[in-house]
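Below sits a lone chain in structure tokens, taken as the form predicted on its own.
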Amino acid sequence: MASRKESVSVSTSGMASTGGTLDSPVKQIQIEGLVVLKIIKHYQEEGQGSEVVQGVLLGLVVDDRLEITNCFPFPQHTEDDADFDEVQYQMEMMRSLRHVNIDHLHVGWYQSTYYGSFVSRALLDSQFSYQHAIEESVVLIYDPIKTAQGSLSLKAYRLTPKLMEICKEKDFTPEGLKKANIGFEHMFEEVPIVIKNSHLINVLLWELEDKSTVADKHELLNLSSSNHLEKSLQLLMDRVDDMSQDIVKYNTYSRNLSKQQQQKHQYLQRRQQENAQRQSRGEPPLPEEDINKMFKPPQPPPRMDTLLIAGQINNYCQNVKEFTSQNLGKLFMAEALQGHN
């Protein structure tokens, strides 16, 4: 299966279409509450620890709003299941949904994440495949760890137009990325999400809230945060180590390139001097040589992985910032309550 480890296979047999223009950007995502519950249930049934679960999003596009009305999971399978065809499985599922009059148009995919660790090359390749085939497609990232802390963590992302162009050209060299003027902050764009429920479901939620005990509501004031914060900082340090290794590789490439340029310049100077001496003696100049064959430039390291690492570091920092700010608020509240008593 896709990018649990590699990438998601895309079936474009059912593509979302609207009465408007297909080239209009998606400015808002409307998700049915049933879809959110299915994603959460999928992780609870099949996700274990850092295991990633994925699935397909179905719906339609209305003007600049993407409406996600249904979804279905990718089944768990091992590498031994060589006969399993993901594209065929998706097509059969969408065909079955169409037969029972349920929205079956493909509008993207979803994936769970472990402590916000989702910025990777596999996700980039999968989303590029989706967005290249279905322009309005998005990827939903569900964070069960943050959700367990008391608030639903569900975000929608799309690749920016700049990154789409770079992926189409497959030019991930330092010069290509510099020419495109793209940084880690310009790789993904977040799309705002609105969760929609029917009136009957809203009434049911009000009844459940009235029946909930006071003790359940106070769980949000839990002051323990060491485990979550410690794990986030550990993942952040691992990514910083990866970044430092990439910086060392790039610095080594820069030194080798500079050294070769100096050798090339010295060789051209010696050749010019020798040709000048031969000309003064009335001898013909030296034959022309392909200098690029003599001084082959070193292979530049790919910079896309470095950008992804930088993006993941930024994501970890944002998560730590949000988490610590919430806990500081709880600590100040607890201090005020203790002083009042």
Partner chain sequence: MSRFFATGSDSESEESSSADEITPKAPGTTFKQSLLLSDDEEDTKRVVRSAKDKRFEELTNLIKTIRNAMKIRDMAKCLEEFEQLCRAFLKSKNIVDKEGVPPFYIRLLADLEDYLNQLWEDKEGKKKMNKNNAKALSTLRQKIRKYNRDYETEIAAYKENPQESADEEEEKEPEDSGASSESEAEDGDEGVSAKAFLKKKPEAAPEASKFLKSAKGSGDESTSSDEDDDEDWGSDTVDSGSESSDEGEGKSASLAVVFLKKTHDADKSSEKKLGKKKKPKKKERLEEEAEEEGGEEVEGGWEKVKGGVPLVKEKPKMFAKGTEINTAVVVKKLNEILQARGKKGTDRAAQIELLHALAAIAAENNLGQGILVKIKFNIIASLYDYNPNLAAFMKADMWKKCLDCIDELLDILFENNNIFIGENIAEDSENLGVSDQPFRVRGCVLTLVERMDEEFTKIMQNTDPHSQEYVDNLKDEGRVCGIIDRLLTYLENKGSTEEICRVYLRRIMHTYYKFDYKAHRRSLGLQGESKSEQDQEESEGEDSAVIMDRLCKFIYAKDRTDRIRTCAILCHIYHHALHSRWYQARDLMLMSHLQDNIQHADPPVQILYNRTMVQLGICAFRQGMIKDAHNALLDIQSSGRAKELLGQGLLMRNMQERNAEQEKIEKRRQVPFHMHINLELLECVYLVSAMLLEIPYMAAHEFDARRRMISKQFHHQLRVGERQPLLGPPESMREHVVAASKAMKMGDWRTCHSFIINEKMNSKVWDLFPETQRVREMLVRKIQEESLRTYLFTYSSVYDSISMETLSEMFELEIPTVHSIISKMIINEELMASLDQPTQTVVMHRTEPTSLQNMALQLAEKLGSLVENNERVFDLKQGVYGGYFNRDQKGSYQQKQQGYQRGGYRNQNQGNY
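Residue numbers count along the first chain shown, from 1. Keep in mind the model is a prediction, meaning the values are calculated, not measured.
Below, we refer to the form predicted in complex with the partner chain, which is not included among the displayed structures.
- Checking Ser254, Gln260, Gln149, Ser153 for any heavy atom within 4.5 Å of the partner chain in the predicted bound form turns up a single hit: Ser254.
- For the options Ser244, Ser198, Gln269, Asn181, the one in contact with the partner chain in the predicted bound form, meaning a heavy atom within 4.5 Å, is Ser244.
- The chain is drawn here without the partner chain; in the predicted bound form, the stretch among 90-98, 229-237, 157-165, 201-209 whose residues come within 4.5 Å of it by any heavy atom is 229-237.
- Among residues of the shown chain, Tyr250 is one whose heavy atoms approach the partner chain to within 4.5 Å in the predicted bound form.
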